[in-house]
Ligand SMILES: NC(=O)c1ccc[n+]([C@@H]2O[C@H](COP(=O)([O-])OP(=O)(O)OC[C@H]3O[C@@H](n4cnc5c(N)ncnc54)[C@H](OP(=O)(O)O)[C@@H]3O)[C@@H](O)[C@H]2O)c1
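The data below hold one chain only, encoded as structure tokens and taken in the form predicted on its own.
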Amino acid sequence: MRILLTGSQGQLGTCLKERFPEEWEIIACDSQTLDITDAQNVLNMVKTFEPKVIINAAAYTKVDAAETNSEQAFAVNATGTLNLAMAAKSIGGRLIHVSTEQVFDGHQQIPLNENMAPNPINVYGQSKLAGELLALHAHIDTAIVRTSWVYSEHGHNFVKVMLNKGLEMLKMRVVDDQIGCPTYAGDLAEAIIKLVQLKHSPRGLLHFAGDQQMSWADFAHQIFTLAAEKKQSYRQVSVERIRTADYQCAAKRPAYGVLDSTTLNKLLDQPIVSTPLAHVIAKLID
């Protein structure tokens, strides 16, 4: 199996590289080795390497910054995705593109399935939805995997931010009226690898997220509770639950972003079992 991976230095890209089967031939690219916003560059790379599958884990993910930097957000998340879809089509390859729960407005209060209409409320979500639509229109052999609240032992994420701040502060103010499903990047990587291995290629929209829904404040409380079992310095950290309205940020966030992973799990021989948060905490603080 020949795979072209973009976004190789990010959380998901790193977890994918750690888990790819040894017999697969991989070219792993970051933004320095492959600028996905450059259509000719992408086409040259794909025609030279001829991957069977392109996995696009590259993204502009700075949600607040996207509000004032929409051109770059759309260049990476929309145009870049289209470039990869067109290149995949040119060689008869597949595209698996990673998207986000932020394509939804958060007004629904039931788990979000693939048939629900998207309606993003921030520039980041708009740019990601544009990428989905462009890729699906450009190349029929495209699968979009939406996910949410990704964390891992790699890169920048909520778990690492909480642990770092917990060493300096006794009280953390955390939003309690946004609900989602934290997703371990390693589990997402496993799901994507299994999709690649399927005999019949899935197409269209798929959702994959962790199996527990909670607020950001709930998530923070879990992080500090588990960390306190490993390191005494976290035992005094408390979580002050606040409203989104009390937290200043540039971009609006969906109040509800729980993804229904039923469709994707049914495609797999065995559903992905969520990795316990405690395992990730242990890696980060042991």
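Numbers follow the displayed sequence, beginning with 1. On a predicted model such as this, the values are computed, not experimentally measured, just so you know.
What follows is about the form predicted in complex with the named molecule, which we do not show.
**Student:** Residues in which of 129-137, 161-169, 147-155, 87-95 have heavy atoms within 4.5 Å of the named molecule in the predicted bound form?
**Tutor:** Contact-bearing stretch, as computed: 147-155.
**Student:** Taking 4.5 Å between heavy atoms as the contact cutoff, choose which of 76, 112, 143, 174 touches the named molecule in the predicted bound form.
**Tutor:** Contact residue from the list: 76.
**Student:** Pick from 83, 178, 99, 122: which has a non-hydrogen atom within 4.5 Å of the named molecule in the predicted bound form?
**Tutor:** So the residue touching the named molecule in the predicted bound form, by this definition, is 99.
**Student:** When the contact criterion is heavy atoms within 4.5 Å, does residue 31 count as touching the named molecule in the predicted bound form?
**Tutor:** Output for residue 31 is yes: heavy atoms within 4.5 Å of the named molecule.
**Student:** Contact with the named molecule in the predicted bound form for residue 54, defined as at least one heavy atom pair within 4.5 Å: yes or no?
**Tutor:** Contact check for residue 54: no, nothing within 4.5 Å of the named molecule in the predicted bound form.
**Student:** Does residue 223 reach the named molecule in the predicted bound form, with heavy atoms at most 4.5 Å apart?
**Tutor:** Taking the distances in the predicted bound form, the answer for residue 223 is no, it never comes within 4.5 Å of the named molecule.
**Student:** In the predicted bound form, is there a heavy atom of the named molecule that lies within 4.5 Å of any heavy atom of residue 9, even though the partner is absent here?
**Tutor:** Residue 9: yes, in contact with the named molecule in the predicted bound form.
**Student:** Can you name the residues of 31-67 that have a heavy atom within 4.5 Å of the named molecule in the predicted bound form?
**Tutor:** Read in sequence order, the residues that approach the named molecule (within 4.5 Å, in the predicted bound form) are 31, 34, 35, 36, 37, 57, 58, 59, 61.
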